[in-house]
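One chain comes next, on its own, written out as structure tokens in the form predicted alone.
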Amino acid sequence: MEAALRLKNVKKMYLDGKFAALNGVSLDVEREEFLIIMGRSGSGKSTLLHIMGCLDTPTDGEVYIGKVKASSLSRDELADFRRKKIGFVFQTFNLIPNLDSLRNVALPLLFEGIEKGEREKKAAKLLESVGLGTKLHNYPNELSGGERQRVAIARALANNPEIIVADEPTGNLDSASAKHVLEIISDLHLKEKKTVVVVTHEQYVADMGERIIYMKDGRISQDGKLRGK
């Protein structure tokens, strides 16, 4: 089976080549897999996720999304490709404060040229699917942290991406909100058959995955299936 994501000897250098955030990472993520990435602060896990999610490009090495060599795309091509193929969920939500929930979720559809009525109809359906059908016209500052993260997940799903990548998606949430968000992410994997990659430092989040890799000093130090998965 063709991998959903493939990295070949990926390096990411900073400080004019003096610091390697990633130092020769090779990794395949299969379609419909639920991968967890863990590691201490500074291990390279978020840098790895950003490159896997096409938010950043490697200094060296190759990145493939399906058959497409993403590491060879121009910045504009990469942005267009990412919008169609990958949904990103951030720890800090990254919602636009002066847009309500409906318009935050509908925003990615604007760039696809979808007319306003259809955008809002689809956005409303997505918000209903994450339990926010009564919060369509609330602004981010009127929502709890858990609600904001669910808006962010709905936005990530707007273009029906094949891959969902999430950077500490429960990091700013209380335990009840975190549980709700994790249930949504799990359903995306189990019911919607999405490929999911999550960076976390929480073991209870990691336990939801099928496979876990540990990062250390910019390299993969461990890689294996979770017990019973």
Partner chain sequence: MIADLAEYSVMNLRHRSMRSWLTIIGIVIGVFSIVVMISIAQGLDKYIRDQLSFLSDDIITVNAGSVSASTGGGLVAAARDLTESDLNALKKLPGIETGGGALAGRAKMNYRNQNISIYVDAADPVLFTEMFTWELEDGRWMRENERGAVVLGYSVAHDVFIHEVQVGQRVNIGNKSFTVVGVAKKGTALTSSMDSLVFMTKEDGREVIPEFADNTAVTEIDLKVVSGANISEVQSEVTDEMLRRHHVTEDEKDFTVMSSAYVAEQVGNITGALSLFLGGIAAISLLVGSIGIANTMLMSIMERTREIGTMKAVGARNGDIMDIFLIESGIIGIVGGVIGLVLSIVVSWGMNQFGVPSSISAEVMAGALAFSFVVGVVSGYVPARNAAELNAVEALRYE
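Residue numbers count along the first chain shown, from 1. For clarity, every value in this text was computed on a predicted model and none was experimentally measured.
The protein also exists as the form predicted together with the partner chain; that form is not presented, and the subsequent description refers to it.
Using a 4.5 angstroms limit between non-hydrogen atoms, E128 is distant from the partner chain in the predicted complex.
Not displayed here, the partner chain is approached by T47 to within 4.5 Å at the level of heavy atoms in the predicted complex. Contact between D28 and the partner chain in the predicted complex is not found at the 4.5 Å heavy atom cutoff. The partner chain is not shown here, and in the predicted complex it never comes within 4.5 Å of any heavy atom of K85.
Relative to the partner chain in the predicted complex, residues A206, K216 and R219 are all farther than 4.5 Å at every heavy atom. Taking a 4.5 Å heavy atom cutoff to the partner chain in the predicted complex, the contacting residues in 86-110 are F88, F90, T92, N94, I96, P97, N98, L99, R103, L107, P108, L110.
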